[in-house]
Structure formats: C-alpha cells, structure tokens
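Presented below, as structure tokens, is a lone chain in the form predicted alone.
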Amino acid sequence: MSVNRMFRTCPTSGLVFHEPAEKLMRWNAVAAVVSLLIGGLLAIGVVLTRWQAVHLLPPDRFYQYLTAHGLNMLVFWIIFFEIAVLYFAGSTLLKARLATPKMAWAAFWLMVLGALVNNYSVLRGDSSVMFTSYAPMGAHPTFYLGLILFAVGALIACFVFLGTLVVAKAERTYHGSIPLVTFGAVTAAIIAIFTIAAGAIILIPTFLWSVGLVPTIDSLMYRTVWWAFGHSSQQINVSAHVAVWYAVAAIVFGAKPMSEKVSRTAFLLYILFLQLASAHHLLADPGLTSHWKIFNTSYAMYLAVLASMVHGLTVPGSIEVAQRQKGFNHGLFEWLRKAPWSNPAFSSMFMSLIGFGFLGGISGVMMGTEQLNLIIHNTLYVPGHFHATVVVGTTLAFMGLTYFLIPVLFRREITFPKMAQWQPYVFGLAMMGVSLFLMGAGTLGVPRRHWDIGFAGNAFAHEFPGAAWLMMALAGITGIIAIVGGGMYLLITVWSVFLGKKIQTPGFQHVRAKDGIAPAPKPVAAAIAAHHPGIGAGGMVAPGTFALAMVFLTAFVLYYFINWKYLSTVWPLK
C-alpha cells in the first residue's frame, strides 16, 4: 500500500509537522478564535446588563445572550482549541504522521456544523435555556442536535489522536515513554471520551423529548447525568491547560519536570477523580444520598485537588531550577524577577497558573464542602469560580500558547508586538477582578441567574446590601476591561495569521516518504518533544517555589476558615 507523507522541520524550534496535521491544527485554531469572537461580543451585553447602573438588555434578550455566550466560550472556543492541541501533542511532539486525516476532517466539519446549528437555535430566540439547559425547561430540537453533532465530531477527533499514538509507537518515532506534554493530552482525551459519553446519555433522550418521542425527562436524573457532562467538560480544560503549562515552561526556559513520575501520577489522579468534583453542583439536591455526597466531597475531590497542587508546584519549580542553573541565584525570587515578563507566552502561562490556583482552586475546594456550599449555591459565586478556572486558567494558557504557535505553525510574525506584551496583563488581571467581584457578590447572596438584583416590579422585593451593588459595578468595570483585553488578543491573532509578515523559511526541511513506513525525520532540537528524566530533586532545589507554596497554603487555610465563620453567622450552631 502506498503511504504518502509530507513533513517539515521548523529551523527555529526543531518541531516536525506532518502536513495534514498542520492544516487541521490551523483550521481548528481558526474555528476556536471565531467562537471566541462570537462569545466575546455577546459578553458585552451580559456584562452591561449585570452591571446594575447600566442594565442594558431586557430579560429575554439577556438570557439569549447568556446562553450563546456560555456555549461559545465554554464549549466551542475551548474544545476547538483543545483538538488543535491534541494533534500538536500527538503528531508534532511525537514526530509522527496523523492517523486517518480524512476522519479528522470529518470530525472537524461535524464540529463546525454542530456549532452553527446550536448558535442558530439560540439566536432564533426560542432556546434561551442557558448553558445548563435544565429540564423540564425545553429548547428547540436543533439546540440539542447541534450539541450532539459537535460532541460526535470531538469524539472522533479524540480517537484520531489516540490512533496517532498507536502509529507513533508502531513506527518508532520516539523512544521510551511519551513526553509529559503528550501524556497530559492523553489525560484530556480520556476525560473527553468519558464526558462525551455522559453527554450522549443525557442529550440524546432530551433531543427525543424535544421532538415528542419521549414523554418526559426526570429533572433530578437530568441534572445528575448532565453535570457528569457539564463539569467534566471543564476537566478536559484543566488537563489540557496544565499540559500547556509544562509546554510553555519547556519552550521558554528549557525547563524539565522536577519529577516526571510525580507529574504523571498527578495526571492519573485527574482521570480517576477529577470528574467527581461535579458533586459541588448537586450538594443542595435532595434526591442524592448523603453517602454519595460525602464520598465525593470528603475523599475523591481532595485527590483531584492534590493533583492540581502537584502541578502548581512542579511547573514553577521546574522554571526556578532552570533559572537558577542560568545563574539567577540571589535570594528567593531573583529567578522570578528576571523571568521574561515581556514575553506574552510566559506571562500568560504564569498568570494562568497563579489565577487558577489562588482563585479557582481555593474557591473550588470551598464550594466542594457541603456545609459551605449552602452559602453560595446557585449564587454568582459559581460563575466567579469557573471564570477563575476556565477563563483565567484555561483561556489565558491557550492565549500564551498561541503566541508561540503563530510563528511556528502559521509561519507569520506577531504583529503589534507591544500590544502583545500588554495583552495578557490587561485580560488576565481584569478577569481576575471579575472572578473576585462575582464571588464577593455571590457571598452576599446575589443570585446566579436573575437578570436584575433590584427585582424591579416584583411583589416581594429583596434589598441586597450596598456592598453587593458595589461588587456588581466593579465586576462590570473589570468585565469591560477584560473584553478589551480579549479584543486585543483577537486583533493580534487575526492580523498576524492573515495579514502578518511571512517568516522566511529557507531552512525548512521537506521530506516525503513513499511506499514505505520509515519514521518521520527527527527534529533539529525539540525541547518539548524530548523525554526528560526526573532531576532527582534532593534538598531545597526550589526554595522560592516552596515559599510561594507556603503563601498559597496560608491563603487556603485563612479563606477556608473565614467562610466557616461566615456560615456560623447565617446558621447559628447551638
């Protein structure tokens, strides 16, 4: 059988790109950015409506915008980008040809069709059921059909990625274990398969219900199974953006994991326990047993949290070790002060790590405690939490990776370089503000889904404290700044990819293999593709990271017990 494969080797990074995989990476990345643009435009209406002083949209339009914003941001933008990351981790990092490119293209077009159908359904005006789409609140059948088509396409893409690993192993394009970044991508793919299976279990019957073939959908069953899909889809993000952290650390610093075995074990804990964190959305539901809730919140969840804490230590620890080897050894933090803060790939990654840990991680553990969950269940605290995890954590990490991939993958120079230096700070810091202020408003009881905290026109109005109104105003201001930061990213990305100066590539190596199964060419120097053994860290090799860990744990303990104190004021214990 004739095998026809085209590879090129990037002379600067040493990465090897298989031509079909490269094209698919580009198209998935472009589809992701288009979804981000749509979601960002819709965010303007959402932010200016929740900001009570402006209160831009009427209720029907607000819920429509909120539904489309959530789906484009939480599903389409992130998963399109993650598929590009899977192909990068499976094909490029392993120097392997992409398995079944035709199936990969079919997956891509199914995902595009699903995203278009779902957006059509929401924008037509009769499917404003929000991201959660709780039954018995029903949407137009095309709403569920779009999600099903998108999920099937994503599932096919995951299997193409896994097939690429088989090809790489069979053709011996790498030696030893797969690189840690690819291992993280495998974790994301496995969780994605579980997630899509859960989505099929609930969305297919709901689609049949929407067209009248199923008489009823039990609401408790729907919520329980749906969160196995809805929350687990965010765990794909966690695995993917942690893999991006390791990749950027290697790209920028040549950093090697402090212990590959520990990092891989942490990824394994994600597979086993991370999906169970969805329990924090269901702790107030009366139909679930206490045994199930206790197991999820008191045991399983903390093993997932342990995994994130391991990554949160080993990534900056590996950077510190690499920096100290370069001579930045004065004091605890010279390695951090002398880091390339003007490099948007690094600044995006590091703020993603800090924001995900301090805001998303601590708030997630608090929400996962059954008693404390009663304070903030179904309040704006929940969107504050997932904006910290998904937006500050995942989106900011993906933005950082983009600044590396545009020259390497699209072969274009980054346009507006000064703007690119500032963009991660504008977007990241503003979005951290949004998360903090939404969590603050939620702690004061502001509801998650109600468009008007003033409850205008209601017979039984509720007066929130002035601090809640202040929090909503600050969330609105920082939200607009974050949208500006997102617009900067879109401008830089789109201009660079389509209008940016082409990088002259006389050093590109093109290799075509015909009628054989010879492995792809080896890269010139591919730091992130190489397999690095653990450095056998003995003693205090990363004292600065240890100090940061102590700051994190102190913040963790203080915030945890502050919330217990707050609970004691609203639910006196006698």
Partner chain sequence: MNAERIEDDLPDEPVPVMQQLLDNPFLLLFLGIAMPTVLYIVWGVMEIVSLPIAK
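Positions refer to the first chain, counted from 1. Being a predicted model, the structure only gives us computed values, none of them experimental.
Below, we refer to the form predicted together with the partner chain, which is not included among the displayed structures.
Note on contacts: among 227, 381, 404, 150, the single residue with a heavy atom within 4.5 Å of the partner chain in the predicted bound form is 227. For the options 484, 470, 193, 332, the residue carrying a heavy atom within 4.5 angstroms of the partner chain in the predicted bound form is 193. Across the options 100 to 108, 416 to 424, 486 to 494, 288 to 296, residues that bring heavy atoms within 4.5 Å of the partner chain in the predicted bound form belong to 288 to 296. In the predicted bound form, residue 275 approaches the partner chain with a heavy atom inside 4.5 Å. Within this chain, residue 474 is remote from the site of the partner chain in the predicted bound form, having no heavy atom within 4.5 Å.
Among residues of the shown chain, residue 175 is one whose heavy atoms approach the partner chain to within 4.5 Å in the predicted bound form. Taking non-hydrogen atoms only, residue 264 approaches the partner chain to within 4.5 angstroms in the predicted bound form. Of the residues in 142 to 165, those that come within 4.5 Å of the partner chain in the predicted bound form through at least one heavy atom are, in sequence order, 162, 165.
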